[in-house]
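To begin, one chain is listed below as structure tokens, in the form predicted on its own.
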């Protein structure tokens, strides 16, 4: 049963359904604390770049979301935990007023981590009261939608928490591990990449169903596709090493103009987190440094690198419609955050492998609204719509994505130069 159905199943007098909603809320909220548990208080306050946020800030911001959009306006007896917190922990919601600047979140040594935990406990106690009363409230359906959005929002920040702390720990000269377990043994084989023919025609894309989806997955609409071929699995480290060894980072003909300029400015020579040691390629992972496994999917590459590799290989990146069309018939899935692995696995099986999980896959599609898209009114409408420019769509989820977020219609988006997310490559070509 989907999260939305779990929470919306309640009716007046249905105590079991209300309890189910509270249990789901507790599960998501406690997961954030579990993910932060391996980190010291010092780990949780650092910010390694402007794009990333401290762990402590993620814990507070996800709490601010519930306080702002459910408790403040819909629970009469509720009082803000701290009058300064809306300024400190608003992210980008202009309608909610001014906020502490994003690049300086790592300067928030105060409030303490202990105070942030107390903030979460304060909000959680009030949220359980509001969940318990949803079925008796006249605006219950609207509040349920906000509640489910808040839970999915927190799961997105759980992924960001792991992305951000990986980057922070990689900048430490000791290269500490986020978590030393599980130990991952080198793989022996992975299936050969095959270009599988996918039938085109008039297709429908976008979310369909009665569960939860983000607004950018809708409305469902028709699109035309010519027949095409899609790679059976993501590009591996071994294949990307061939690109490196062939001078891929030194040859401008493979690169988009902005991509080549970025390579020159940033001195890129390999994916993010790769480094040489005594002639070997190693990579920093959430489990600490380890040798680059040739059979694992290449990850932490930018859109520019993905596009350049595809050009070098004589292929292209799929459009998001092509990707979604294929994902409707997907084969084997990869790892998600609930596996506790926090690292992509080599492909296994036949047919389409790893369409979901292990690595996000860049598409050739710019992040733009679907035909007929309308952002919600109020501050919540800023969640996705205002970012629909200058970014590229990624699909499929990764090894630090919550498993419940894996669906063919799910649209992730990042700027083309960014690569601290778990981003990989799947090739396509015209049939």
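This structure is a prediction, so every number in the text was calculated from the model and none was measured. Numbering follows the first chain given and starts at 1.
As for the form predicted together with another copy of the chain, it is not shown, yet the points below apply to it.
State the residue from 258, 132, 73, 338 whose non-hydrogen atoms include one within 4.5 Å of another copy of the chain in the model of the complex. Contact check passes for 258.
Have a look at 246, 94, 121, 208 for me and say which one sits with a heavy atom within 4.5 Å of another copy of the chain in the model of the complex. It is 94 that has a heavy atom within 4.5 Å of the partner.
Please determine, with the chain shown alone, which of 324-332, 292-300, 148-156, 86-94 has non-hydrogen atoms within 4.5 Å of another copy of the chain in the model of the complex. Selected stretch: 86-94.
Residue 176 versus another copy of the chain, in the model of the complex: is there a non-hydrogen atom within 4.5 Å? Close contact exists here: in the model of the complex, residue 176 approaches another copy of the chain to within 4.5 Å, heavy atoms only.
Are any of the heavy atoms in residue 194 no more than 4.5 Å from a heavy atom of another copy of the chain in the model of the complex? Outside the cut-off, so no.
Residue 100 versus another copy of the chain, in the model of the complex: is there a non-hydrogen atom within 4.5 Å? Result yes; residue 100 sits at the interface with another copy of the chain in the model of the complex.
Is residue 280 close to another copy of the chain in the model of the complex, meaning a heavy atom pair under 4.5 Å apart or at it? No, no contact at 4.5 Å.
Triplet 171, 202 and 430 all within 4.5 Å of another copy of the chain in the model of the complex via a heavy atom: Contact check passed for all of 171, 202 and 430.
Within 4.5 Å of another copy of the chain in the model of the complex: residues from 362-388 (heavy atom criterion): In sequence order, 366, 372, 374, 385, 386, 387, 388 come within 4.5 Å of the partner.
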